[in-house]
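Okay, so here's just one chain, in structure tokens, the form predicted on its own.
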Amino acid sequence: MADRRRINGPVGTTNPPIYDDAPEKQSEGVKVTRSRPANVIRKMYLKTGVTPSASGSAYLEIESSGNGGSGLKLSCSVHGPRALPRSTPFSPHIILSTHVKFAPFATKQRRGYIRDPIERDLGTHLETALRGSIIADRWPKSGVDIIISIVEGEQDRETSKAQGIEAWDTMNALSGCITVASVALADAGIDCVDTVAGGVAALVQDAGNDAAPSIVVDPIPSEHEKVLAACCIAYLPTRQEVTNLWFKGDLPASDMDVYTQLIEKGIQASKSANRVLVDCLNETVG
């Protein structure tokens, strides 16, 4: 009789993975640059129905930069709408609960099993973005849970953490969370006024400090010399409404034209992501 309490090892031998940084000589000789135009986002893959036990689910994958970095892979499941416990106070609207969690192996620095402040901020921004698209009056005394697992985070191994790489990658993660959650809500049959999609625009500086800064969509920090500011926008294209706006960076408050251009480029990125979202839903229905 086998001992069920003993953890047996694998039958065959395996080699442990080794995450070794690139040599300094190669990293100094090769300069990573952006290969896409400034107004073009990366290719993405969307699929619904990946979790049969959930009311609705979706999977999103964004291609990597091709320069040794990792792409973004997200899995979202929606549970509900379902009745609230009797001890819960009466609510005329649906109660939305969002939960965003990095997998322990999603980034280079291993994540813990308890949510950190970054993951809580992502959940708060995601709830704000989705609350503006859901018709909450349809489900009184009900609740819905949206759970997103970041299977692979977007992080370049060759970029130093001193440049704040993780702070800018969080914007791209939020954009993907908004898009995949919108698809999962539609797959669950929850009525929305429009399909919300996320987009990111950033003010970057290349070719030294003397060059003029430029605005790009869907930025990858490792492809630019410095990221000055970035904004993530959740946008409803049909209603032309912004449900969430998250800005981060150092810009003078007097220069309002830069703020306006960042928002316009972020809306353009969200419209591009919304086209992929609509095509995915059309394939699901068809």
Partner chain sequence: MASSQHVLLSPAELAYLHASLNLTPPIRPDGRSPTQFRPLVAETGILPGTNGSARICFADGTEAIVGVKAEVERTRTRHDFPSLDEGTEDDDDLDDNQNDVIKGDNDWVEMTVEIPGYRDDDAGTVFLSVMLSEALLADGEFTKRLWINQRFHWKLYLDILLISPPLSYPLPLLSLTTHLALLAARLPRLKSEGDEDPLFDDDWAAAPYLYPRPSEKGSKATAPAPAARPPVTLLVMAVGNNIIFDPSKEELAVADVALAVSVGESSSTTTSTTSSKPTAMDIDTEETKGHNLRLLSVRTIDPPSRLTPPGIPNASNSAYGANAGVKDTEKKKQQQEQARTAESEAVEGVWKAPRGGAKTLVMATMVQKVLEKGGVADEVLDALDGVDLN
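Positions refer to the first chain, counted from 1. Quick caveat: nothing in here was measured; it's all calculated off a predicted structure.
Here the subject shifts to the form predicted in complex with the partner chain, a form of this protein not shown in this document.
Q: Taking 4.5 angstroms as the cut-off for heavy atoms, does Ala83 touch the partner chain in the model of the complex?
A: No, Ala83 sits far enough from the partner chain in the model of the complex that none of its heavy atoms falls within 4.5 Å.
Q: Flag Val193 as yes or no: does it have a non-hydrogen atom within 4.5 angstroms of any non-hydrogen atom of the partner chain in the model of the complex?
A: Val193: yes, in contact with the partner chain in the model of the complex.
Q: Is the gap between Arg110 and the partner chain in the model of the complex 4.5 Å or less for some heavy atom pair?
A: The answer is no: Arg110 has no heavy atom within 4.5 Å of the partner chain.
Q: When the contact criterion is heavy atoms within 4.5 Å, does Pro16 count as touching the partner chain in the model of the complex?
A: Yes.
Q: Are Gly132, Pro213 and Arg239 jointly within 4.5 Å of the partner chain in the model of the complex, each by at least one heavy atom?
A: Per the other structure, all of Gly132, Pro213 and Arg239 touch the partner chain.
Q: Go through 179 to 187, 143 to 151, 113 to 121, 99 to 107 and give me the stretch that gets within 4.5 Å of the partner chain in the model of the complex, heavy atoms only.
A: Result of the contact check: 113 to 121.
Q: Could you run down 239 to 263 and flag each residue that has a heavy atom within 4.5 Å of the partner chain in the model of the complex?
A: Arg239, Gln240, Glu241, Val242, Thr243, Asn244, Leu245, Trp246, Phe247, Lys248, Gly249, Asp250, Leu251, Pro252, Ala253, Ser254, Asp255, Met256, Val258, Tyr259, in sequence order.
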